[in-house]
Every structure is written in structure tokens, then in C-alpha cells.
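Only one chain is given next, in C-alpha cells, and it is the form predicted on its own.
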Amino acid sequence: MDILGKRKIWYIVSSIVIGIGLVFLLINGLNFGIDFIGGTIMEFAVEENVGTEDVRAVLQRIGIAEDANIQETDQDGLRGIMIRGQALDSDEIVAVEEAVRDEFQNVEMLRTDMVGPTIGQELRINALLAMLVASIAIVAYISFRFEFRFAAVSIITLMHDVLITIGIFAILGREVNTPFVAALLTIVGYSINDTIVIFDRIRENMKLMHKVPFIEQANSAVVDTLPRSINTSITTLVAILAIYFFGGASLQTFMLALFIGMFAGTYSSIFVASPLLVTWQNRISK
């Protein structure tokens, strides 16, 4: 299997996917949750005949949160309406709850969450800081265990996985919250583990096959570890899908990001990391 000989194809595939995601990111941006921008979120259990426009009409009538984001939810078979908007004080929250209860029958308040803008800004900074610290630690560790070029390629590969995950969330318009950041950090850890396994085999081949070109050493390492990478990823992705569909709405953002990132991580470990090493080596050899 000449996987690395077709590396330009893999580069093009990755570039197209990342490019489409970046276009949507620039046009639509990310749908940040109240974790990051601050605000109030209220969720009600309602009957089947209650729609989002019905709830919006109630909010417009009382003059509260008219520009709120209103969407339907479904958790454990319980249909609900979620209202997410600007920060409300306790009196306004009570007013919304009373107006919804008066308008519709059999309404039950499920939750009310409030996050101030200052806390949201702190969470954004902490999320970026966590990603930065993780990246620096990875570079230091891989540089110590292998070589700097392995570390540099690893960071590029991780950026590939993170950009694909963020891009797809921008395309889907899914909410980005703290579980999403936790998923990104999990993706970074999982992806680098898969990449290191291949890099370790490449390092062994550099000693055992030192008379053959580097591209053959790397290609042999990828082919040898391919069954392990695919089998491990399939079992992980199946477990993630099971939790996504049966674990409840509160876990769906985390599991969706994890599924996208794990899939991208498996692809990048096989089709991006080692090809980048070969390209790097070819540049050095010239």
C-alpha cells in the first residue's frame, strides 16, 4: 500500500474540508453558548402543540428577551422549549415563567442558568490557555522523546483535527460551550497518542531499514500500524455514537465534538502526520 506516495491527495482532501469550515466560520461565526458570552438560559417542558414562534410571541408581548434564541429540545422523550438570551434579573425571570405558564397548559420549568459576561470572558481565556499549555507540553515531550520535527508535525496534525472540529460546528451551527472545549482537549490527547504509535514505528524503521529511503521507512510504519489504528478507532467511535444517541441532550455537544475529532484524528494520524514528515525530510535532503 503506497499511502505516502499519494500524500498530495491527502493534503488536498484536508485542505478542502478545513477550507469549507473556515468559510462558514468567517461568514456565520461560532454559536457561543452562555458559558462564553454570558446571559440567561431557561428551559421548559411543554406539550406537542407548543412551537418556538408561540413562545416568541409571549416574550414579545411582555417585552422581555425579544431577540432571544428559542429552540426545541428533546431529552429522554421529554419535549421542551429552550430560551437563551441576554442576562435577566430575578424579576424578569419570574415574569417569563409566569407568562409561559399562563399561555400554555402543562408547562414545567426544567432549569434556569445565568452566566455573567465577565465570567464568560474568563472562560474563553481559560479555554485558550488550556489549549496553549497542552500544545507546549506536547512539543516539549515529543521533542525529548523523538526529534523537534516530529513535535512540529504533531502540532500541525493537532491543529488539523481542531480546525476540522470547529469548522464542522460552524457549518452545523451547534452551540459551543465548555463541554466542547473539554472535547477538544480530549481529542488532542487521543490524536497525539495514535500519532506517537506511528512515529515510534517510524523511529524503529529508521534503525532497521536505514539503507532504504525515508519514504519507504515511513510508509512501512503506517501500513504496519494501520490495522491497530482502524480497529481502535472503530471501537471508540461506536461507543461515542451510543452515548450520543442514548446519553441525553446534555452530553450531545461533547459527544458530537468527540466523534468528529476522533474521526479526524484517526485520518490525520495515518494520512497527514507521516506524509508531513516525508515532505519535511525531502525538503531537508534537497
Partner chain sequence: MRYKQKRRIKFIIILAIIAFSLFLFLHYGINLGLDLQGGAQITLQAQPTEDREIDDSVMAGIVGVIERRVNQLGLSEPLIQREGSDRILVELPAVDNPNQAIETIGRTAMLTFRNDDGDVLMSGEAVRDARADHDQYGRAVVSFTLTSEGSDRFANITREYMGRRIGIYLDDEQLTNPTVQAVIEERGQITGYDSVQEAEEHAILIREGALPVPVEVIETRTVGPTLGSIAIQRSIIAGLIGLLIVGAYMIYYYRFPGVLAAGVLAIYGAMLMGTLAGLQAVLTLPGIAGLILSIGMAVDANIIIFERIKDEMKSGKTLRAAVDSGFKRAYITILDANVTTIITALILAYFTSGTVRGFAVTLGIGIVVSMFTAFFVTRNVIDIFTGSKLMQAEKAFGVRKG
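Computed from a predicted structure; not experimentally measured. Between two forms, the rigid core is defined as the largest C-alpha subset superposing within 1.5 Å. Numbering follows the first chain given and starts at 1.
One more form of this protein, predicted in complex with its partner chain, exists but is not displayed; see below.
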- prompt: Do all of M42, T235 and M255 end up near its partner chain in the model of the complex, with near meaning a heavy atom within 4.5 Å?
  reply: yes
field: Contact label in the model of the complex: K211 to its partner chain, heavy atom within 4.5 Å
entry: no
Contact label in the model of the complex: A264 to its partner chain, heavy atom within 4.5 Å: no
field: Non-hydrogen atom contact Y141 with its partner chain in the model of the complex at 4.5 angstroms
entry: yes
query: D102: heavy atom within 4.5 Å of its partner chain in the model of the complex?
result: no
field: The single option of V197, A152, M206, L172 touching its partner chain in the model of the complex, heavy atom within 4.5 Å
entry: V197
Rigid core fit then F36 CA moved by 2 Å or more between this form and the one not shown: no
field: Shift of V46 between this form and the one not shown at or above 2 Å (CA, core fit)
entry: yes
query: Using the core for the fit, does the CA position of V100 change by 2 Å or more between this form and the one not shown?
result: yes
